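Have a look below at one chain only, the form predicted on its own, in C-alpha cells format.
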Amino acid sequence: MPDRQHPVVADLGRRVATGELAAGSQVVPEEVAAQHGVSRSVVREALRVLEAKGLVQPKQRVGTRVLPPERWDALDADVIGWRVQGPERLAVVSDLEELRAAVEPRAARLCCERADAADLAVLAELAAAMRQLGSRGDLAGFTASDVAFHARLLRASGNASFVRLEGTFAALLKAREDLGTLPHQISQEVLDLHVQVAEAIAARDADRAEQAARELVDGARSEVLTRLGEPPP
C-alpha cells in the first residue's frame, strides 16, 4: 500500500490541498494511473490514504470526489505540508501558531511538575545544540533540533492530548524553513529563550518556564507572519 511519501499520494494530496483540484471535483483513477505510469490498484490505495486524511471521499456510482477544506484533517502533518504550498499558507500558519501559543506555555508549566531527569537532560542538550547551530547559521540543523526540543517539551508535559500535537507542531516548524520565513541568522533572543525554558523546567520554576515559552512562541508567530506578508495584530 502506498504511504504518504508515495509520489501518487504526494501529488494528489498537494493538488487537493492547494486548490488545484477543487472541492467537488472528481478524481478519475484511470487518468491518475496514466499520468503517473502506475496501476489502478496503486491509485486506489493512494486514494485510501487521502481518504483517511479527509481530503477525498469515494461514493458508489459517483466515484471519488474532493472534499471541502472543512472536512480535511487540519492537524495532519502531511495536510499541513501540502497546504502551506498553496494560496492559503498565511491562514494555515497563523491558525497553527495560535494553537501552539495556547499549548506550549502550558506544556512548559506542566513539565516543571512531571518531567523526569532524562527529559531535563534532553531539553538542555537540545537547547545547547540550537544555540550552537543557530549561531553559525546552520538552519537545517537548527530546525531539526528545534523540532526535537518542542516534541520533547510536549511529551514531558505528561498530557496525552498535547503529545498528539507533536507531528502537527513539527510540520509547522519545518514549514517555516521550507517557506523561507526563518532568518538567515537565528536571533540571539530566540536561542536564549530556548535555554531559559530548559533551565526554568530544570529548576521547577513553573512561572518562569511558562513565561519564557510564551515569549518564545509569540516571537516566532510575530516573525513568521511578518515574513509571510502580514504583520500580526
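All values reported here derive from a predicted model rather than from experimental measurement. Start at 1 with the first residue shown and count on from there.
Although not depicted, the form predicted in complex with the DNA is the subject of the following passage.
- The candidate site formed by Arg89, Arg164 and Leu172 is entirely out of contact with the DNA in the predicted complex, as no residue has a non-hydrogen atom within 4.5 angstroms of it.
- Shown alone, this chain has one stretch from 36 to 44, 203 to 211, 66 to 74, 187 to 195 that lies within 4.5 Å of the DNA in the predicted complex by heavy atoms: 36 to 44.
- At least one heavy atom of Pro58 is located within 4.5 Å of the DNA in the predicted complex.
- Shown alone here, Gly54 lies farther than 4.5 Å from the DNA in the predicted complex, counting heavy atoms only.
- Within this chain, Val27 lines the site of the DNA in the predicted complex, having a heavy atom no more than 4.5 Å away.
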